[in-house]
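First, one chain by itself in C-alpha cells, the form predicted on its own.
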Amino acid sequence: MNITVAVFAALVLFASALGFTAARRKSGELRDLQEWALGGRRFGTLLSWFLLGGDLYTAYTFVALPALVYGVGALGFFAVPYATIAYPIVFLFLARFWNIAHERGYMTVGDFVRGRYESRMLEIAVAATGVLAALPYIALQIVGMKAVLAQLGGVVALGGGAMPLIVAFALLAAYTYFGGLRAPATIAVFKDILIYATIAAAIVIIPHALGGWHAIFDAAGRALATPLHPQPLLIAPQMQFAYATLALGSAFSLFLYPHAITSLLSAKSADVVRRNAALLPLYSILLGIIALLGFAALAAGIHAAPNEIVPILFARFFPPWFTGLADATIVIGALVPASIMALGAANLFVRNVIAPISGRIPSASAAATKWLTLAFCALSLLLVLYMNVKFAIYFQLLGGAWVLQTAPAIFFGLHSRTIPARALLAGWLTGMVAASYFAVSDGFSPLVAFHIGNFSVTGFIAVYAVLLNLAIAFAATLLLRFRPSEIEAA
C-alpha cells in the first residue's frame, strides 16, 4: 500500500470512528426520534455552523463545481453568488420557520405544510418532492467519492472504485443508523479542518507551480477557445440570463432540501439560525477559490472526464502524503452530507408520506426511519452505478429544480394562507411536470432555451418551472375565490 492510500484510508477510518463514537455517547437517548433525527434540537452556534457547512459544502464543492468551470468556463461560478444570496433568505424567512416549527413541534417541512394548510395531499406532495430531490443530491456525493477512488488506483480502484465505494457507504449507513444526526455533526468539525488545510495548500502550491493566476487565466482562456472546450473564459452575453437564473433559482432552493431543514431545526434557537446566516458566507470565499481549480486544471493541460479533474490535479501537484489527505477531504466531505441527506429524506418520508397514507404516525417511526435511511443510501448508490451524466452537478441542479416547486407552499405559508392548498397543489403539479420534461428532453441539462422568432433566451429549468407553478397557483386561487356558486350566493 503506497503512502497516499495509507493516509487516505487512515483519515476516512478515523472520521468513521468519530461517527460511531457519537453514537455510543448518547446511545440511550437515540431511541427517541427527535434525539436521533434532530440532535434533540440542542445544537449551538458553533456546532450548527459546522453542521450546515458540512451539508452545504460537499462533493458539490470539491468535484462538481470545478468540473463545471473546467467544462463551460465562468458560467460555473454561478454557485458563488447563489450561496451568498441564500443566506439573507435564511435570515429573513427561515428563522421564522424555526420559530413556528419549535412552537408547534414540527420536525419536517411536511409537518409545517400540514399544520398551515390542513391538507394531507399537499403535505404528501411537498414531502415526496423533498425525498425525490434528495436522491440525486446524495448521488452527487457518490460521484465525488467514485472519482477519488478511481484516481487512487490499485485495490482502491477495483471496478472503477465501485467496491470500495460500497464499503464507504456501508460505513456511512452504519454510523448514521446508530448515531443519527450527532454522527455527521461530530465528523463535520473534523471535515472542516481538513477542508481549510487542503484549500490553504491548493491556493499556494498549485498557482505557484503553474506560474501564478495570471498565467492560469491566460492558459485557461486558450484552452477554452479550442474545439475540445468551445466556451469563452468569460460569460458570453447570450448566457448571462442563464447565469442569473442558475444563481437565483439555486439560492431559493438551497434551504428547501430535507437535509438543510434538518440542520436548521437542530439549532437550539432562532438566534442560532440568524447568527449562522451571518457567518456562513465565510464558506463562500472557499467556494470561489475551489471553483478556480477548474481553470487550474485547464492550465495544467489535464484531459480527463470533468468529474475527475480535481483528484488528478491534487495527485500532480501535491506530495503523496498530502494527496492522500486531500483525497480523504473530498470523500469525508461527501460522507457527511450524504449521511444528513439520507437521514432527512427518511424522516420526511416516514412522517409525511407513509403516515398520512396509513392515517397515523407509525409507533415504530424511529426504527422505520433508520431502516429507510439505509435504503436511500443504497438507492442513491445504484443511481450512480447505473446512470451517467456529463457533469456531476447536473444531479444537484435536477434536485434543485424539483425542490423549488415546494417554495410557494413554504414561503407563502410563513406569513399567510391567502393561496389555498388546492391551488398550491395544482401549481406544484404543473411545476414538477415542467421541470422533469425540460430535464429529460435534453440529457438532464439544467438549462433550456426558448425561441420566439429570432429571439432566444436560455435559462435554468427550475426558474421556468416555478414561474409556471406560480401562474397556475394564482389562476387557481382566483377561480376558487370567484366560483359561480359563490357569486350566486352573493
Partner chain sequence: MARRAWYWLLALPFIALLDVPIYDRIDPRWAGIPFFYWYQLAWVVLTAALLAVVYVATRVRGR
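Just so it is clear, the model here is predicted, and its values are computed rather than measured. Numbering follows the first chain given and starts at 1.
The protein also exists as the form predicted together with its partner chain; that form is not presented, and the subsequent description refers to it.
- The chain is drawn here without its partner chain; in the predicted bound form, the stretch among 143-151, 106-114, 215-223, 130-138 whose residues come within 4.5 Å of it by any heavy atom is 215-223.
- In the predicted bound form, no residue of the candidate spot (308, 372 and 378) has a heavy atom lying within 4.5 Å of its partner chain.
- Only one of 394, 177, 317, 91 lies close to its partner chain in the predicted bound form, with a heavy atom inside 4.5 Å, and it is 91.
- In summary, among the residues 173, 354, 202, 235, the only one with a non-hydrogen atom within 4.5 Å of its partner chain in the predicted bound form is 235.
- Using a 4.5 angstroms threshold between heavy atoms, residue 190 stays clear of its partner chain in the predicted bound form.
- Among heavy atoms of residue 295, some come within 4.5 Å of its partner chain in the predicted bound form.
- Its partner chain in the predicted bound form is approached by residue 243, whose closest heavy atom lies within 4.5 angstroms of it.
- Among residues of the shown chain, residue 118 is not one whose heavy atoms approach its partner chain to within 4.5 Å in the predicted bound form.
- Residues 74, 77, 80, 81, 84, 85, 87, 88, 89 are the ones in 65-90 with at least one heavy atom within 4.5 Å of its partner chain in the predicted bound form, listed in sequence order.
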